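Below sits a lone chain in structure tokens, taken as the form predicted on its own.
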Amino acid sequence: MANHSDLDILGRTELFHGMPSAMLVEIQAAGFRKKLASGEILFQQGDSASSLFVVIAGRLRATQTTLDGQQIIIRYLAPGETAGHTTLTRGVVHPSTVTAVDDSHLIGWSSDTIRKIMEQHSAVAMNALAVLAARYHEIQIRLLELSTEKVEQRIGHTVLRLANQAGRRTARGVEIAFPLSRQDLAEMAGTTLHTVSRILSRWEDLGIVDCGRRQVVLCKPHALMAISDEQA
């Protein structure tokens, strides 16, 4: 049963979608399984880029540390998404640290194996280009936000992005379906913990969000969209 589930997820991933079932069986057989406990590191920034992984269950967080020691959250990775993209471009080291947010189950391939798969299956190579283009687009958007937006807009766009990527509807609103602290939001939005706390408290007073310990529920998405898209 688990094997069929893994194949179903592989067939829906950004890297392997559109592949015939027989090819997915072959691709899975060429890989290896990896399990991470919550808080366990998959690889660290600067480690040799020797493997690519697909998340089967759980969730991962990718972070980068700047030269002055500041940590920045790049993105969260959900089931079906890939970690270790630098192997797709023959990169030598991983540019970020990837850590399990929840207990997670992954399938991985060595860099040599994943390149061989791309050489044998052009559809996988085309999917890989699409994945890299999407990540590049995300980084461009975030750089634009950091350069041109007020801090409240950046925090708003960060919450909206996370709700879109990992939101589940509840009676209270759209709950971001993994533990998320105010420090996490600060690292994603390029601001301070104090600023995030102040703005979230004001949004709570307005009924826009409902925040508990490491939990964020978006109660009024349209109100937050209006704040985030407000012209400076």
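Predicted model, so just to flag it, every value in this text is computed and none were measured. The numbering used is simple: start at 1 and walk along the sequence shown. Superpose the two forms; the largest set of C-alphas matching within 1.5 Å is the rigid core.
The form predicted in complex with another copy of the chain exists for this protein as well; it is not shown, and the discussion that follows is about that form.
Engineer: Verify the contact flag for Asn164: yes if a non-hydrogen atom of it lies within 4.5 Å of a non-hydrogen atom of another copy of the chain in the predicted bound form, no if not.
Structural biologist: Heavy-atom contact with another copy of the chain at 4.5 Å: absent for Asn164.
Engineer: Does Asp205 reach another copy of the chain in the predicted bound form if we count a contact as any heavy atom within 4.5 Å?
Structural biologist: Result no; Asp205 lies far from another copy of the chain in the predicted bound form.
Engineer: Can any non-hydrogen atom of Gln70 be found within 4.5 angstroms of another copy of the chain in the predicted bound form?
Structural biologist: Yes - in the predicted bound form, heavy atoms of Gln70 and another copy of the chain come within 4.5 Å of each other.
Engineer: Does at least one non-hydrogen atom of Ser110 fall within 4.5 angstroms of another copy of the chain in the predicted bound form?
Structural biologist: Although another copy of the chain is absent here, Ser110 would stay clear of it in the predicted bound form, with no heavy atoms inside 4.5 Å.
Engineer: Report the residue, out of Ser50, Thr170, Gln64, Gln183, that has at least one non-hydrogen atom within 4.5 angstroms of another copy of the chain in the predicted bound form.
Structural biologist: Contact with another copy of the chain in the predicted bound form is made by Gln64 alone.
Engineer: From first to last in sequence, which residues of 144-178 have any non-hydrogen atom within 4.5 angstroms of another copy of the chain in the predicted bound form?
Structural biologist: Result: Leu144, Leu146, Ser147, Thr148.
Engineer: Please say whether, between this form and the one not shown, the C-alpha of Gly91 moves by 2 Å or more once the core is aligned.
Structural biologist: Yes, shifts by 2 Å or more.
Engineer: Taking the rigid core as the frame, does Asp68 move its C-alpha by 2 Å or more between this form and the one not shown?
Structural biologist: Shift at Asp68: 2 Å or more after core fit.
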